[in-house]
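Taken one at a time, structure 1 and structure 2 that follow are two forms of one protein chain, written as structure tokens.
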Structure 1
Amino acid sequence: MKAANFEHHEPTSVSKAVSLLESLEEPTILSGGQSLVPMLRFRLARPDTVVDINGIDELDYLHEEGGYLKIGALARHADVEDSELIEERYGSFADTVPLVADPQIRNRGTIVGSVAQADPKGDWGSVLIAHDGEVVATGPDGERTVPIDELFLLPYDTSLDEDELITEARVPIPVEREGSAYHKLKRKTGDYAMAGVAARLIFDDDGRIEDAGIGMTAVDITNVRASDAEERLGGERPDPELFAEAGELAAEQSNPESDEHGDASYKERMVEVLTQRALGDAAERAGVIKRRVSP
């Protein structure tokens, strides 16, 4: 099936893109097309106008600057996959990218586009939650930063204004004694998550957990934070019993739905297990334990 007819705009700068978004009625933004192109083909989406931002070269970057890892709106999944910086310093990002779809989609799809899509089964929202990330939204009044916890409202719905686009996602640069990881349960290679958990741990000089971040995928109406588990970990030394307790708290805070792939209680159990594994890997990568703590 072919897409229904629509007007196609190709701005070459962020300012021109924002002007278009301001002047057009209900425009749809196209970056990688990971979700939008299939929706157009099957006419699940029938926009009158599409603003294609792929010609805005200034949005194509992935680097550390000013205390952040900054991911431009046109940085592809493949850019993360090929990055030595990511491989060396950002364990959760390195874990996540090979789990996203297949190589063809990773060559075109973007991290920022995935976050803007606000699909609760999307992986990157949980990773940004674990890292206390934020996005930069650009609109007619300039730029503003939106903490990731304030971005997701409902499935496929964000707190962005209609004339804003996300130009950047960013997370703080890792400090000493910090580690992170992502674990995901899926039916088959390249599939969406049945459940996923991203974890980040920062330890103090005494080996106690100074800060913890845990984001969950596909177990609520949006990507959500396991705040009760994060709070339980604070000030404690890492051990299997502590991580098991954190897993139980994360499962209690999740809210999965039963479907053809498993009932809610099964997914809650998976959250419990995945949380323990992610925390174990994060602690190991921070250098405070020698072996992964897993159930």
Structure 2
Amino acid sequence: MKAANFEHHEPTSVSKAVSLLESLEEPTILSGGQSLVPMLRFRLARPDTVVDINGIDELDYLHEEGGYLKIGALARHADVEDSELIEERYGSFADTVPLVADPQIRNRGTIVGSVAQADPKGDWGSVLIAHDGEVVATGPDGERTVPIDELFLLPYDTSLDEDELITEARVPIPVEREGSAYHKLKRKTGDYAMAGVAARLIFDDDGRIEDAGIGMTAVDITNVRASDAEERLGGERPDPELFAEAGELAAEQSNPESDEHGDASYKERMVEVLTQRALGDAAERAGVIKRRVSP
């Protein structure tokens, strides 16, 4: 099916985009379009106007600055894939990117677009949760930052105002003795997650867990934080039993639905296993354990 007709706007600066968003009635923002274009074609979305931000060169960046890894709204999945910085220091990002769809989609799709889409099966939301990330929303009154925990409301629904645009997603630059990872269960190469878990661990000088972040994919109505598991990990030394307990707590806090790919109890069990694996990799990458302590 063809998309319903729409007016196509192509602003070349953030300020022009914002004034368009302000003046138009219910515009839809098009960035990578790898989820939006099929939605338009199935007429799940039927906007009168589309604001295509692909021409806003100032949003095309991926770099560390001011204590953050900053991901501009036009950074494609492929940019993360090609980045040496990511490969060296951001384990969870490096794990996630090859699991996102396929090479063609990664060439067009954007991380920020995926987050803005607020699909509970999107991988990046969990990664941002694990890293205590935030997004920068730009609107008529300027920029504001929204902690990732306050962004997702419902599937495909965020707390952004209609005239706001996510211009950046960011996470704090990893400190010493920090490691992160992402594990995902999927039916086939390139598929959406049946369940996914991102984990990030920071250890103190004594080798105890100072801070833990765990985000979960596809097991609730939005990407969610496994806060009970995070809390359990605080102050402890890494060991397989501890990670198993954290896995159980994450599974308890998840809320998956039974569907044709598996029933809820199976997915909960998968959350448990994926959490242990992600924590094991994160601890290993933080340099505090030599071998994986996960199954």
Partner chain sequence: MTNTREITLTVNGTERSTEVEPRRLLVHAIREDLDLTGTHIGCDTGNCGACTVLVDGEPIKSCLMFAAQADGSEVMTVEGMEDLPESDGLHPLQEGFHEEHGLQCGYCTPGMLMAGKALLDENPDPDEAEIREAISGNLCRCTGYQNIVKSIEYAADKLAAQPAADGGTVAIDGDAGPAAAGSAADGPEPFEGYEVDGEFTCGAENCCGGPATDAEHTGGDNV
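In this text the structure is predicted, and so the values were computed from the model without any measurement. For residue numbers, the reference is structure 1: its sequence is counted from 1. Rigid core here is just the name for the largest C-alpha set that superposes within 1.5 Å across the two forms.
Novice: Since only one of the two is the form predicted in complex with the partner chain, can you say which one?
Specialist: Form predicted in complex with the partner chain: structure 2.
Novice: Superposing on the rigid core, does the Cα of H63 end up 2 Å or more away between structures 1 and 2?
Specialist: Where the cores coincide, H63 shows only a C-alpha shift between structures 1 and 2 that is less than 2 Å.
Novice: Could you check how much the CA of R41 shifts between structures 1 and 2 after a rigid core fit, in angstrom?
Specialist: With the cores aligned, its C-alpha sits 2.3 Å away.
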